[in-house]
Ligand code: LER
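Here we start with a single chain on its own, the form predicted alone, put down as structure tokens.
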């Protein structure tokens, strides 16, 4: 498995769950110095990335961009797939389509996250699901020819009221019926919504495209109370070999949190690999 860190530009919203806010190319250098394999770019617009310069920094450091996340599209601009206004849905699809084209430049995935939207008061879950599926299908039409995966991330009930646990995420992935649409479990949200880490991961093992990690308090792994030894073993048991990316708060300080995350994850994953049968 490879380990990534979620980062954003210096002017990212305070609500963005990233540990580093800086010039994106400087973020690459900082992550490389700490020993990460990749940087996840949390963006509001695809145009935030200077593609030629980013490619130069990646080549110089050996890092990758495994994923582009889109939470700020929802949080800052209130664009989302379940909105009743077709113009808003079109704008959300357009923003994600731009991110898909950007992701293709780096061989990255796109996390559709909270841009999936909410179930609005007075509407049904099925109405929201139908709008969502229509929008994710349009995004898949862009993503599939470019070889880009779209990630569905279950998010806890305190942030959105649609696709909260991994079972709901897996169901919507299957309903989408597109080979590029995958599930992205996030340990922070799973700790709130899923009764069993093992059951959730094992049920979705053939559909998982990416994994987010944070401890129970959204701090760096090891600074809360999640059962990481068990989680590392589960990931090893299901033979997950993709990225695990830390999406954590910059506390007590950004560099200290980022250093703790990579140190803890490297040691834990290595120990779990040593215990896995051949």
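Numbering follows the first chain given and starts at 1. The model shown is predicted, which means the values in this text are computed figures rather than measured ones.
What comes next is about the form predicted together with the ligand, which does not appear here.
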Triple contact flag 109, 182 and 206 to the ligand in the predicted bound form, non-hydrogen atom at 4.5 angstroms
no
Picking from 163-171, 134-142, 184-192, 119-127, which part of the chain touches the ligand in the predicted bound form when contact means heavy atoms within 4.5 Å?
184-192
Applying a 4.5 Å heavy atom distance criterion, does residue 55 contact the ligand in the predicted bound form?
no
Please determine whether residue 26 contacts the ligand in the predicted bound form, using a 4.5 Å cut-off between heavy atoms.
no
Check residue 17 for me: does it contact the ligand in the predicted bound form (non-hydrogen atoms, 4.5 angstroms)?
yes
Residue-level contact is defined here as any heavy atom of the residue lying within 4.5 Å of the ligand in the predicted bound form; does residue 251 satisfy this criterion?
no
Heavy atom within 4.5 Å of the ligand in the predicted bound form - the one residue of 95, 178, 89, 114 that qualifies
114
Interface check vs the ligand in the predicted bound form: of 202, 105, 77, 159, the one with a heavy atom inside 4.5 Å is 159
Stretch 153-167 - residues with a heavy atom within 4.5 Å of the ligand in the predicted bound form
153, 155, 159
